[in-house]
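Just one chain follows, in the form predicted alone, and it is written as structure tokens.
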């Protein structure tokens, strides 16, 4: 009987099976940031176990509130900083070199097909775009991962999600994942891996696949996975070129993890996106989704473009294409946060930052702050945001605020219009 990619990764990383469907897996990477890791660090210190299993496999960043906004967040940063120094964790990205965790870590080549990865952050599933099993975990699992390099998981079933058809102009990866969540609901893939397949996924860039995998957790999934292919190899080549004779050899090595044709799936679903319209959320759940055309006229106070979902260079290019030559509405605050220093520099070199600033946007350093209502764009009670982030929970970006999730193109158009609007009002968009 064939195996899925998740089953193959579990099989190659298995350390123990203490109970039936419970697997202890060896970890290839443990990712850390300053919001969830300090609690784990302090508990390990209190238990007399201030150690790390392998400093080269632990990667850390200050990204959620950066620079620190108050004494509490400064302390969180200090705890992580001191810990990284204490244990010789060389891949620690501090102020000035830091970026949004789920963007900077792949950018640095830390994620590869077949890897097992944990982090104390629910959107760790982003890294499944590379054909890795990546999952967000709680404090106890994070502590064990840091100390022993293992993590315990129940063997997940796999939900195969085939995305097929021809993607219409002006429709993007964000629209696709919103459609998936709308179709299967926020509980539709609970405790499962979503394996994204189909010609649309095959045609996606790595940036787009990361957007897709990033929001798998919003459908309840433990991880979202795309099968590695030459697009994956091309993205990683600068980091792996010394390990393989050529790209074909790398692809052959990575392909051993690909799901078998006769693999068994717990659920299968096909979504044809040929007639898909740009989408946005309403209400306070990620499966509350409507076409943008049905939400037009919804007044907004703030537009936020950034995050681990849509703060990559392609996202900024798309938004800039809509914004160029326009000015945002005088009652809208526009905020853009390139997700890493490299992306910021590239956007600067391409003139994208100037387009944002000329349109009236505030351009901030890389940070997660606004996405979870901690800094750099918090909403006031009663305010409404059009956002490229991943959650629209009640109060997510500020107590009493409303968040409408959408693609960078729709967010840019909404900033100009001052209300939720379709990007085709302002320019002809290519597909993404």
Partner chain sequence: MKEFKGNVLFLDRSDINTDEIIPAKYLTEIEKSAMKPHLLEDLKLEGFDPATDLAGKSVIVTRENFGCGSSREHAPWALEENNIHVVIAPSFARIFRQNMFNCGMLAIELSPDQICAVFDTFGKVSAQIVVDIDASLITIQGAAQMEKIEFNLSEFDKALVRTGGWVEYADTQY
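Numbering follows the first chain given and starts at 1. Predicted model, so just to flag it, every value in this text is computed and none were measured.
Only in words, not in the display: the form predicted together with its partner chain, which the text now covers.
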item: Region of this chain that lies against its partner chain in the model of the complex, out of 403-411, 54-62, 40-48, 359-367 [heavy atom, 4.5 Å]; value: 40-48
item: Heavy atom of residue 285 within 4.5 Å of its partner chain in the model of the complex; value: yes
item: Any non-hydrogen atom of residue 160 within 4.5 angstroms of its partner chain in the model of the complex; value: no
item: 4.5 Å heavy atom contact, residue 26 to its partner chain in the model of the complex; value: no
item: Proximity of residue 121 to its partner chain in the model of the complex, heavy atoms at 4.5 Å; value: yes
item: Within 4.5 Å of its partner chain in the model of the complex, all of 19, 35 and 79 (non-hydrogen atom); value: yes
item: Contact residue in the model of the complex, from 294, 191, 199, 274 (heavy atom within 4.5 Å of its partner chain); value: 191
item: In the model of the complex, the residue from 327, 85, 345, 187 that sits within 4.5 Å of its partner chain by heavy atoms; value: 187
item: Residues of stretch 72-97 in contact with its partner chain in the model of the complex (4.5 Å, non-hydrogen atom); value: 72, 73, 75, 76, 79
